[in-house]
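Below you will find one chain, with nothing else, as structure tokens; this is the form predicted alone, and questions on how it binds or moves follow later.
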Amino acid sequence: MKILVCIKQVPDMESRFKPDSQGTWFSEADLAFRMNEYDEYAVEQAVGLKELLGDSADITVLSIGPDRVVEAIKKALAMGCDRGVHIPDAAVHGKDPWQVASAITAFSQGKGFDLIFTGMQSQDRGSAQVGITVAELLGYACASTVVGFEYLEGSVVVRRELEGGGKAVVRMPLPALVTCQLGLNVPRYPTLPNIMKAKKKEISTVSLGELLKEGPLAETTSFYPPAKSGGGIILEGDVAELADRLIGILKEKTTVMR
């Protein structure tokens, strides 16, 4: 079985973000980067399936981005993927989901991938469109927001998270693509021996120009932080007195008590 895992490197979400000089994205100065959390579930599910199937399974991990994304690829290799593919693009943040999906599709065509795993969405852009668009362009069966996965000969059975806490069970023939959600599994930590093994694994480079012939369908025109709201008020003292003070504040400063 041939498996493809698509990953993205994103800033640590605890970072302090500010607009870049063009005002169309965030500045990368002083940011720490890591593998997108949802993509870690995708890698773990692919590696777990390889452990189930043995040597008949082969995993390629792919990432588009500047040179720093190689570190995310190396982590996926240390988790158990077989080889990496880096598509260099220092301006990937300016590509819309359609362009990213088009590049992944162009790379995938003719390679006979039976299963493609992606994260449900990226933590920085959050469009949740890339994986589903790849499936559409390749003509693959697709299930999104997957929180349960089972492989059957020639097909997969997945459990999807729906609105309102509901779940749906879907069986899909291969080839198929799934987008992975929080709760699907617990991603492993790469061990030191596997980190050392990963250094010997191949990471090939494919030019974006060879893959992407599509222009954008959408463009980010501005990036800005939300307006700061007023600070809160902390009330201390006896409960009975606090209740009267709170009512007074609500009457004076809001329309709740009017």
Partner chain sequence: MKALLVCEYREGKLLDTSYELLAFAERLGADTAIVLVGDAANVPRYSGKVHLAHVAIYGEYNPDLHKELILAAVDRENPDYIIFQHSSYGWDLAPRLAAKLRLAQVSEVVAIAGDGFEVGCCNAKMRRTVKPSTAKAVITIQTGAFTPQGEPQGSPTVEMLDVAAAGKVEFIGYEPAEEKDIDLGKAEVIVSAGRGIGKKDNVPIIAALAKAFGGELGASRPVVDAGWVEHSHQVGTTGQTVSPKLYVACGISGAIQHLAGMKKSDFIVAVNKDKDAPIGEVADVLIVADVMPFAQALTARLHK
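For the two forms, the rigid core is made up of the largest set of C-alpha atoms that agree within 1.5 Å on superposition. Computed from a predicted structure; not experimentally measured. Positions refer to the first chain, counted from 1.
Same protein, other form: the form predicted in complex with the partner chain, not shown, and the subject of what follows.
Trainee: Have a look at 83-91, 133-141, 69-77, 109-117 and name the one stretch with heavy atoms inside 4.5 Å of the partner chain in the predicted bound form.
Mentor: Of the options, only 133-141 has residues within 4.5 Å of the partner.
Trainee: Using a 4.5 angstroms cut-off on non-hydrogen atoms, would S204 count as touching the partner chain in the predicted bound form?
Mentor: S204: no, not in contact with the partner chain in the predicted bound form.
Trainee: Please run the contact check for Y189 against the partner chain in the predicted bound form: heavy atoms, 4.5 angstroms, yes or no?
Mentor: Flag for Y189 set to no.
Trainee: My question is simply whether E37 lines the interface with the partner chain in the predicted bound form - judged by any non-hydrogen atom within 4.5 Å.
Mentor: Flag for E37 set to yes.
Trainee: Though only this chain appears here, would K2 touch the partner chain in the predicted bound form if you measure heavy atom gaps against 4.5 Å?
Mentor: The answer is no: K2 has no heavy atom within 4.5 Å of the partner chain.
Trainee: Are there residues in 11-43 with a heavy atom within 4.5 Å of the partner chain in the predicted bound form, and which are they, in order?
Mentor: Those in contact are M13, E14, S15, R16, F17, W25, F26, E37.
Trainee: Can we say the CA of G248 moves by at least 2 Å between the shown form and the other one when the core is superposed?
Mentor: After core superposition, the C-alpha of G248 moves 2 Å or more between the shown form and the other one.
Trainee: Core aligned, does the CA of M13 move at least 2 Å between the shown form and the other one?
Mentor: Comparing forms between the shown form and the other one, the M13 CA shifts below 2 Å.
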